[in-house]
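To begin, one chain is listed below as structure tokens, in the form predicted alone.
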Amino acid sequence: MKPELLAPAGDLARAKTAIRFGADAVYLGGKRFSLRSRASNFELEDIAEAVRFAKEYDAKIYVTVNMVPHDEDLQGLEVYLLALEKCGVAAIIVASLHIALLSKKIAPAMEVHLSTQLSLTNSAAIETVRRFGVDRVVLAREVSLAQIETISSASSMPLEVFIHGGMCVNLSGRCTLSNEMTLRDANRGGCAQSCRWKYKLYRDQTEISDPNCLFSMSSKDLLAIEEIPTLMKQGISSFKIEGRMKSAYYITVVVDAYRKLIDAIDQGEDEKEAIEKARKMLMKAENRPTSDGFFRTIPGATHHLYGVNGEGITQDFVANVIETHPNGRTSILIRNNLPVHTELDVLSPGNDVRSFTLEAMYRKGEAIEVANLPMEVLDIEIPFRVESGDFIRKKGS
């Protein structure tokens, strides 16, 4: 059975984008009980709208209820779970067995998926939680391909693994640096990403760090395209992309790449060619340096970033399609500097990338040479059919 492709979304627009570009399911966070509070922009009405949109594409919505709760955090939990069930949410992702059991009792229409926060690394533990009625386990990020093979063959539980995105520097995301340095609890939605701060290093009283490259300790992002064929053979149920705080363009590129890779492998196409095609697609996203995480080996110094931890921001993404007009012109929303005569790519759901050269651009009917005002709506001519929500970027290898 082909695995589910599970994408992140920080708001309703990004949820719809992920679904349009091929995600089988999207996970998102509400205003409460979520581990990524800054990425949790969904009111209940937004969640309900996401569910309605997902159903049009035969996709699902999962909601993160994955904070590690203290007693004072539990107020309103039952009301919230019932509201999610009423919205039609397919599953919740939890890091607390209490929340798991409570949801199964009062909101049984929703599946319960155990978060990677529980650090489940063996089949015995997975069979134990299965007896609590859990429907799926998100494996700890610290398991190797060989260990996943053993777990999968010995467990009757559907398994989910992370395949792409940010990796916490600590064990399965259970970090206390933020708590110590800012009093923001990383396990209750307040992570300050202290690992990515810049630090001076001292030996006794002498600074030994380079003033031009201060110390940080973040992990490289996970990139698992080469592991996808093996994970599919192992029967993994769901492939998860990290990134609820990422841009819509990033989500588009990453989801599109993995959608096409999974489909190509499922259809028996050449694996090496499919992987290389996906790699080229992913290079167009705004990525930090990457590694294969724990899949092949215990991570060493080459799997981490010391001193350099910013995003590899590009200006390739230049516009979104707003609407097409009977006169043959297309309205676009400008996102980056765009001169005429630029060679452009169009990313559309379900299509290969299509290219054209921008011959003319119009502001209120008047031709202009350069678009340099972000979020301005301009008209251009595209020599093939596009749809609202398509992405336009600069062409290049």
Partner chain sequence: MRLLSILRSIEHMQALKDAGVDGIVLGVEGFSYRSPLYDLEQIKEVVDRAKSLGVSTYLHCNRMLDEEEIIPALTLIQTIDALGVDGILFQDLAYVTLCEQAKANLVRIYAPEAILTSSPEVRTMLENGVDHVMVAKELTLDEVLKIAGENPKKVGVFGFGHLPMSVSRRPLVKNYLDEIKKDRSLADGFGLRLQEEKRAFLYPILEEDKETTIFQDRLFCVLPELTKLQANDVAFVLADDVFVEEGMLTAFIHSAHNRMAQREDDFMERYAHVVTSGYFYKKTNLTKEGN
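Predicted model only: the values in this text are computed from it and were never measured. Positions refer to the first chain, counted from 1. Between two forms, the rigid core is defined as the largest C-alpha subset superposing within 1.5 Å.
Although not depicted, the form predicted in complex with its partner chain is the subject of the following passage.
Next item on the list: Give a yes/no on whether I92 approaches its partner chain to within 4.5 Å in the predicted complex, heavy atoms considered.
Entry: No.
Next item on the list: Classify H303 as contacting or not contacting its partner chain in the predicted complex by the rule of any non-hydrogen atom within 4.5 angstroms, answering yes or no.
Entry: Residue-level check for H303: yes, a contact with its partner chain.
Check: in the predicted complex, does K364 have a heavy atom within 4.5 Å of its partner chain?
Finding: K364: no contact with its partner chain in the predicted complex.
Check: Heavy atom to heavy atom, is K280 within 4.5 Å of its partner chain in the predicted complex?
Finding: K280 lies outside the contact set for its partner chain.
Notebook entry, point to check: With the partner removed from view, which of 231 to 239, 163 to 171, 247 to 255, 260 to 268 is the stretch that lies within 4.5 Å of its partner chain in the predicted complex, judged by heavy atom distances?
Noted result: Selected stretch: 163 to 171.
Margin query: For its partner chain, considered in the predicted complex: do all three of T176, K198 and F215 come within 4.5 Å of it, counting heavy atoms only?
Written below: Checking in the predicted complex: T176, K198 and F215 are all within 4.5 Å of its partner chain.
Notebook entry, point to check: its partner chain isn't shown here, but in the predicted complex which of L101, L145, L82, I322 has a heavy atom within 4.5 Å of it?
Noted result: Partner contact (heavy atom, 4.5 Å) among the options: L101.
Note to self: Under a 4.5 angstroms heavy atom criterion, identify the one residue in A285, A125, A107, A274 near its partner chain in the predicted complex.
What the structure shows: In short, A125.
Checklist line | Those residues of 127 to 161 which, in the predicted complex, come within 4.5 Å of its partner chain by heavy atom | finding: Read in sequence order, the residues that approach its partner chain (within 4.5 Å, in the predicted complex) are E127, T128, V129, R131, F132, E142, Q147, T150, I151, A154.
Next item on the list: Tell me, please, whether between this form and the one not shown the C-alpha of T206 is shifted by 2 Å or more, with the rigid core used for superposition.
Entry: For T206, whose C-alpha is compared between this form and the one not shown after core superposition, the shift is 2 Å or more.
Note to self: Would H98 count as moving between this form and the one not shown, using a Cα shift of 2 angstroms or more after superposing the core as the test?
What the structure shows: No; that C-alpha moves by less than 2 Å between this form and the one not shown.
Margin query: At a 2 Å cut-off on C-alpha positions, does R196 qualify as shifted between this form and the one not shown after fitting the rigid core?
Written below: Comparing the forms between this form and the one not shown, which are aligned on their rigid core, R196 does shift its C-alpha by 2 Å or more.
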